[in-house]
Ligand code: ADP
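Only one chain is shown below, in structure tokens, and it's the form predicted alone.
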């Protein structure tokens, strides 16, 4: 058989024939993701083998692999494709770092604690603009705001204070405001769960856990944002549990935020959920129309003061923007910025029809789409039971709708691959990757498949 007829995707490219310059790819990672993410996670990625249509990359630990796959894989693949268009897959191999290489295990023996302290303070400085005075109160957040202020008056009376709610609703603002209020007379530690995990991993690798424990357990006010990021990470949960207990025993105030109620945190130890639920749990709900209007008017006033320009939006336009924005405050501000940018460029007072034209694509895209909704719509569309679609059965009438649902979940939600897999009866993220690739290929080749997907998307956006 003629070797030239062998499928190209199975041909290994030798060192001499490589088309990727990995140093250039790394430099693009730093530019795309930023120095913080690059230095924390992506710098350790190395090229092992290069094929025509996929790469094998190495990472130092299984934890690194899982974290990179769940959060950055899509962008990494997009980035390497810009250097080599034929690439459509990335595989990771775990290769432990060579401990004889002093560059990889270099430790500041003189003052280990300074490295931790400086890194945290530089990354997690409290934002002076996110204070109580700038927090706009409404019916959806008044309870959370009230108890945030009470914590500042009576430390440890409500302990822990657990604030939960969806993205962009003001949780981080409240945590920041509490920190600002208490920092003058207390040792305040304000950190995200992701950053806490980064220092935990770094301390393990440097055999520096004593200083890590001492540093985090000496605070009198411990504020941690987005605690849901510890789920599924057993060793990190173990350390967080002991840190939590140590702080409670010494009477420190603990304030925590998350995107859901503590008892709904999946893949989190029951004892941690019990501790979190044992304090005061308060919700921030989606803003109502009245609060959205107050936020818009406040933002317009801030812009007028900042840029010294007249921004004139009628009450009718403000009400339209507030009423049509259905998701969260962050996206509401994004919509407002778009409207104001249009007024600046065209120097005109907007009408409702102007707004509809400016925002027609935005409002069609920011409908709240959840994995659960996608599963229900897909199962109804193909006239199959939801329980059958989520089952382990692999017959074509069930497998193809299941793959379509996974594909749409990846395209229309912000859920990570592992999260989507868990929503489909705890399937592995590689199953989701396979589904996305399969449906992408079929939708390009099969008009019927393309039609089905477009119709399902339309149903979701109705």
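This structure is a prediction, so every number in the text was calculated from the model and none was measured. Positions refer to the first chain, counted from 1.
Keep in mind that the form predicted in complex with the ligand is not shown, yet the notes after this line are about it.
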ask   = With the partner left out here, if you bring back the ligand in the predicted complex, are 134, 167 and 173 all within 4.5 Å of it by some heavy atom?
value = yes
message = Using a 4.5 Å heavy atom cut-off, which residue among 81, 330, 264, 205 comes into contact with the ligand in the predicted complex?
response = 330
note = Checking 377, 248, 295, 126 against the ligand in the predicted complex, the residue with a non-hydrogen atom inside 4.5 angstroms turns out to be 295
is_contact(residue 130, the ligand) in the predicted complex, heavy atom dist at most 4.5 Å = yes
ask   = So in the predicted complex, does residue 141 come within 4.5 Å of the ligand, heavy atom to heavy atom?
value = yes
ask   = When the ligand is placed as it is in the predicted complex, which of 379-387, 152-160, 179-187, 322-330 ends up with heavy atoms within 4.5 Å of it?
value = 322-330
task = Given a change of 3 Å or more, say if the Cα atoms of residue 173 and residue 415 sit closer or farther in the predicted complex than in this form.
result = closer
request  = Could you tell me whether residue 415 and residue 263 have their C-alpha atoms closer or farther apart in the predicted complex than in the shown form, knowing the shift is 3 angstroms or more?
outcome  = farther
